[in-house]
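Given next, in structure tokens, is a single chain: the form predicted on its own.
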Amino acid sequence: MVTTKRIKIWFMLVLATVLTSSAIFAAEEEAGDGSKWIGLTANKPYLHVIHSGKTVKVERIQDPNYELRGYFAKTSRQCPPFCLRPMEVDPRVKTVGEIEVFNFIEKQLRTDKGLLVDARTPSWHQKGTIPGSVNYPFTTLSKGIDDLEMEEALEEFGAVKREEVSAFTGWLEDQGFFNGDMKTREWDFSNCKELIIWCNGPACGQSPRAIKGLLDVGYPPQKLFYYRGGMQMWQLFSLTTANPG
């Protein structure tokens, strides 16, 4: 039976799609005050996403003289621990930028095939997050396979805990049979969601640790994506942030 909550979520997703598709002007067109519109991309002025049950419009601040201030405007911090991170967390995991995040929001998020994961600690998440994100701290995602918090996170990501696997079946899967690349002895990742994982930016190690933790428990690398720019680059491009509540 379809619940009222599911109907509401479905309605909000449809509404977000309609609102976005109704944007008939391109980014080079003029804004209401006669100035040029500052769009997300050349042909996408803004987009909508469901965040905490509400529709949030993701756009850039329209003031061309806007300058970033505060924590994320700082260019130099003590290293270590705030050292620049490699472009890749792991050769098997794709690094993405802002446009890929926009596309992910409009496709995987709306079809419930993906999650935008804020891997920062809750205190950072509470200060503001990328709209559509859910908070799964790296401290949880870097725990062991038998940890209860890790198990709960994997189940919420769509993984299924398996019954005891025989030695022979396990051997066959290790050889590549039965879609073995999507299964471990403990978990079936065949229907798990795609995840874009991010934290505070290029000098933040929280999302890399979360990604490595998920790889360690068998999460398929092709289902993981690293948004290296994180909150610093998101705010540098004057993009909308949202409160978690």
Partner chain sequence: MRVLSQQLERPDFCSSMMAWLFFLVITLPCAHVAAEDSYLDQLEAESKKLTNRPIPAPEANSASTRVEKSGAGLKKQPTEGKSLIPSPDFKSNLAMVEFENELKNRFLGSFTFYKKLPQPSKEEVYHGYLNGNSIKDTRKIIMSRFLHSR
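Numbering follows the first chain given and starts at 1. Please read all numbers here as calculations on a predicted model, not as lab measurements.
Just so you know, the form predicted together with its partner chain exists too; it's not on screen, but the next bit is about it.
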**Report entry** Partner-contacting position among Arg162, Lys113, Lys127, Lys94 - heavy atom within 4.5 Å of its partner chain in the model of the complex
**Finding:** Lys127
Query raised in the report: Taking 4.5 angstroms as the cut-off for heavy atoms, does Phe102 touch its partner chain in the model of the complex?
Result: no
Query raised in the report: Does His48 reach its partner chain in the model of the complex, with heavy atoms at most 4.5 Å apart?
Result: yes
Query raised in the report: Is Asp188 close to its partner chain in the model of the complex, meaning a heavy atom pair under 4.5 Å apart or at it?
Result: no
Query raised in the report: Does any heavy atom of Lys57 come within 4.5 Å of a heavy atom of its partner chain in the model of the complex?
Result: yes
Requested in this report: Scan 200-214 and write down, in order along the chain, each residue with a heavy atom lying within 4.5 Å of its partner chain in the model of the complex.
Outcome: Gly205, Gln206, Arg209
